[in-house]
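Take a look at this one chain, the form predicted on its own, written out in structure tokens.
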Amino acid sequence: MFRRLFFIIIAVLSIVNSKAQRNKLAPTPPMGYMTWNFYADQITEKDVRTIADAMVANGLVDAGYNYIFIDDGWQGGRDKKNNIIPDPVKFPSGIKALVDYVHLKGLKLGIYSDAAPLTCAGYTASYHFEEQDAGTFAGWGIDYLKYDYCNAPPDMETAKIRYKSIADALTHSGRNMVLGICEWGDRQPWLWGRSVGGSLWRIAGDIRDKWSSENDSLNIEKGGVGIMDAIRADADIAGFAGDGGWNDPDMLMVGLYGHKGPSSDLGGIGCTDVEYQSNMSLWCLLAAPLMVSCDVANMNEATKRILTNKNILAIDQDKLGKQAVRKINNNGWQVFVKPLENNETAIGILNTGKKAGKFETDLATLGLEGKYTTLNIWNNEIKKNQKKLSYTVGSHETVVLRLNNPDMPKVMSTK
């Protein structure tokens, strides 16, 4: 009796400990490069090495981007022992050698699979092979798994079971691998993603290289998702992000400029640099994972400036781990307020209108009493003793401010 009870207690503690461990794998939103938008399913070993070299050379690694995420298309089927293998033409040296190369560059490597027999692009996936594939990924030295949901049943309960199955397999593999849940928000993963072992979860369909869709759908088959559509999906679920689990509005569009590929589908005609800067601003305010998807080997200065601004990145990576709350959403204005560690605050003022306009409000209206010093993240303008905000904001521009009240005690996060 007591022996059985002892083993039950040990098993329960093991489950609790594994969940706690998985929740620590992404203490801040992951940052890196996702291959899908630029390379689609034609990604190769040579491409990944080029990406790694470019991320070091152009300052992305120094700025904090430390992952390369290989998306769909790397698979070559299974061998005679049912081990998943890479495409021998695309990855002639194998994934282990590529992992070693990426690790030497100071980067981590992520890989892709799906909770069904086949992936979205029709390649070999991991359903019924969760433990075996997780062991293979661990043996290669993989650091992250993006787990898609194409060709799987539509109900929530099945999704929870399949994602927990792969999360448990990753835990049993003996290697710490972050799990990115990618079921497009259809089954409200923000409600259960953390409990099944995910560190981030997509909250809408695949994002396209455009400012906004022409309809109200967040499903990729019904018009695609633009930057503002992703914001619409993410803004109302702020309370579910933080403490090692993040709402994921999908990749950054910054620098794609209408590149022909997945991001150009369904009206993805490209954005202006102002809109790309807003893309970066809003993702950082919302504590979103930052997944660059443009041609990092040939970035122009505007793209590099947006992606490597240390002040905006600090807001995304703030250790307090809070997603901004949208305090105002009317008359063409959206205002986001994000608590930061050290009793500081970030504010984003977005002009969704077609013309420039002047925005004014008292800080008290946003829940901020007293006088503040404000730093404009994008032009470094500093204002002191501010009790109200007054800014002229261009069409589709987002002004981002970091506020400090010198009279408030400085309390650092204990995380």
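Residues carry their position along the shown sequence, with the first being 1. All values reported here derive from a predicted model rather than from experimental measurement.
Absent from the display: the form predicted in complex with alpha-D-galactopyranose (GLA). The rest refers to it.
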Partner-proximal stretch of 286-294, 82-90, 114-122, 166-174 relative to alpha-D-galactopyranose (GLA) in the predicted bound form, 4.5 angstroms, heavy atom: 114-122
Does the trio Trp36, Cys182 and Asp206 actually contact alpha-D-galactopyranose (GLA) in the predicted bound form, every residue with a heavy atom within 4.5 Å? yes
In the predicted bound form, the residue from Asp133, Asp229, Asp143, Asp71 with a non-hydrogen atom within 4.5 Å of alpha-D-galactopyranose (GLA) is Asp71
So, Lys338 and alpha-D-galactopyranose (GLA): in the predicted bound form, are they within 4.5 Å at any heavy atom pair? no
For Met251, is any heavy atom within 4.5 Å of alpha-D-galactopyranose (GLA) in the predicted bound form, or not? yes
Does any part of Arg202 reach within 4.5 Å of alpha-D-galactopyranose (GLA) in the predicted bound form? Heavy atoms only, please. yes
Check Asp234 for me: does it contact alpha-D-galactopyranose (GLA) in the predicted bound form (non-hydrogen atoms, 4.5 angstroms)? no
